[in-house]
Structures are given as structure tokens and as C-alpha cells.
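To begin, one chain is listed below as C-alpha cells, in the form predicted alone.
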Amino acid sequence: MQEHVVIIGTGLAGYTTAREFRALAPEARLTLVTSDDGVSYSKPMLSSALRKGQSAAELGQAGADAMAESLQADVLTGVDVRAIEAQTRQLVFDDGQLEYDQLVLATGAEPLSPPFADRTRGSVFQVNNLQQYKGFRDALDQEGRVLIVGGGLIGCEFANDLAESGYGVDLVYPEDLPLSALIPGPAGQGLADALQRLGVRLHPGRTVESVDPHGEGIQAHLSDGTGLRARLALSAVGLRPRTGLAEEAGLEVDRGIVADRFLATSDDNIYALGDCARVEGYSLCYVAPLTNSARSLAKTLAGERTPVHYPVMPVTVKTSCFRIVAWFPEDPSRGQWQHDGSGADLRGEFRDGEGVLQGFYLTGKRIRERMALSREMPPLIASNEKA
């Protein structure tokens, strides 16, 4: 009798794993469980859809019924998993239970709460899924300003998308330069200059203390006493892995669900991947690591135990005003940056004390050099053997 594989989550991690597994095990019993509507979409596309003229509805690639048919699986939507009974291998719902043989946690991450007093009634948004994005788009007027809180990857991409689509944007962040967790000074300054040329008003070194209703919009109060008015606000201050179910089930958690090179958790019958997982010490919330993980895990679930392989997978930032590909060094205290280039075409290399490349960034036309630099760097998780 074929084992029953159950996947919690129908985001990119869940559906990608399901597709890869189904290709290897066409007869296996497969069930996906989600608390939302199960629509398949690509989450990275949310922060560039506006300038491409795509509505929230157009971003949906397939509904739950279509996904169930194509995967030959059961897709249970609108279902909250209340508990994982690891000893009996059961998921507990409000109205029943579901047994599994192998369980995959693809529960993703949730936005951090806005770090300010929000005294509005629905004017501060967070965008972490298609449903939230639809609410954000529905609230946008044809004109008006948008306040974005957070100068990281999502904040910068949304600032670019909104500004290029004709909206006024204020971007507030506590660091000196945007995207400082991914790129160093010269590239960060280049991005800042490009966003300003696009019309984005930058407020570096500041935080938002509170947001209050003001007329048909809002007024934000910054840490330096500045007041900013906007139609609405978007909080993009980071994500937290969803680990609640795993913790309650007794699985090991440390800044994510702890998983080994086979994506196995501290329970041999439960696996984790994507934004919720910390694999061999790495929390990589990007598409390329997720895809690598899904392919390896699918083989393991199909009976061929296969470790994940993480080469260096540089991050492509979707800021059309200033194109960036980068990989930040794991330990920026062990080496130094070397910068080259001018204008929009920059190259930076981070080498350790022995001259080994540990990180880099490329902007503009220099992006064509990404493959050579990626090949030069040591892999994050090197694993060719199977066990």
C-alpha cells in the first residue's frame, strides 16, 4: 500500500514539492492542507505586479480544484490545523483528523507586527500573500501617497513598483541606506539615488512612532518629529517563520523549524522547507533554495533519500530603477569589500583573509558577471552523495 504524504501549505514551497513528488510517485496518495483558498501563485511577483499592469486576480495561476486535478491530489482549503499528533501521525482539525505517513511542513512565514502604534481603521497593510495583496490593491486610489515602513527587500521593491506606476511614495527605514542587509554602501547609495530619481522620498535613520487617521488618509509621526501624510501605509519590516505547530508537536525550533540536509526535522516522519525552515543552520527565504529543497525532498518522499545541495544562489532584487544581484557574506567581520565600477554599473567582492570569495554584488550591466562569481564561491551545503 502506498504511503500517504501530507503537505501543510499551498504556497510556492507546498505546491512545488507536490509537483516534484507527483512526477516521481504517480500512484502515491497525496493531500495538501491550507487555511486559505489554495490558489496557486508566485509570491515574488506581488512586488512588481502594479507596473506590469497585473491585477491581483491575474496573478492567480490556478484555483484549488484545478491544482487538485493536475496533481491528482486532495487539496483541503479553509482548514486550520490545530495540532500535529506526532506519535499517532495525525493532524487534528476542528471537525476531524487526518492520518499521514510522511508530513511536510511548508507553512511559510508571517509578517512581523508593525513596530508602531497603529490607531487607524484598516489603513496600515501588510502583504505576504495574494489575499493580502488584493486588499492592498483594492485600497489604493488612482492618486495619492503611500507610506512604506521598512527599507529591506520587500519595502524597496514595492517602493519601486508604486513609484514607477505613478504613486507618490515615502520610504522610512532606520538604517543609513536601503537594503543594507543585502548590499554594502556603494550599492546601497546607488539604489537610494535611483529611488529618489524615480520620485521616492527617502527618510533614512528614522522610525515610525505612530500612525493616526487624518481626513481620508493617515498621518505618520516619525522619530525625529516629522509628520508625513499619505493615503495608506504598507508595513514591510520583516517576516517570522511560522513554527507554532512544530513547537507544539515537540519538534526542535531555532529561528525556524530545524531541519537537516535531508529536510528532516527532529521527527523522522516530518520534513520542513521554505520560509518556515532552518536547514543546516541556513534560513534562506528565496525561490532558488526553495526549489532545490523541493526537488531533493520529493526524491526522499518517493523512496530515494536525497540530501539537499545549496550552491551560492545570488538574490535578484526586482528594483527596475537599479538592477541588483547580490549575495551577502555570512560573516562580514571576516574579510573586506573591494568595490569597482561607477554610476549604475558596480561590482563588489567580499573576500576573507585567505582571499576566498564569500560574497558579492553586481548592479546594472555588471550583472552579466554573476555566473563567474557564483561558480567561484564555495557552496553553502555541498552534498553529492546519497544515503
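These numbers were taken from a predicted model, which means no experiment stands behind them. All residue numbers are counted from 1 along the displayed sequence.
There is another form of the same protein, the form predicted in complex with a small molecule; it is not shown, and what comes next is about it.
Proximity to the small molecule in the predicted bound form, taken as heavy atoms within 4.5 Å, picks out 44-52 from the listed stretches 355-363, 65-73, 44-52, 328-336.
The single contact residue among Ala109, Leu222, Leu251, Ile218, judged by any heavy atom lying within 4.5 Å of the small molecule in the predicted bound form, is Ala109.
Contact annotation: of the candidates Asp118, Glu164, Glu157, Asp170, the single residue with a non-hydrogen atom within 4.5 angstroms of the small molecule in the predicted bound form is Glu157. Residue contact with the small molecule in the predicted bound form: Ser320 places no heavy atom within 4.5 Å of it. The shortest heavy atom separation between Val5 and the small molecule in the predicted bound form exceeds 4.5 Å. Interface membership of Arg242, defined by any non-hydrogen atom within 4.5 Å of the small molecule in the predicted bound form, is confirmed. In the predicted bound form, the small molecule lies within 4.5 Å of some heavy atom of Thr316.
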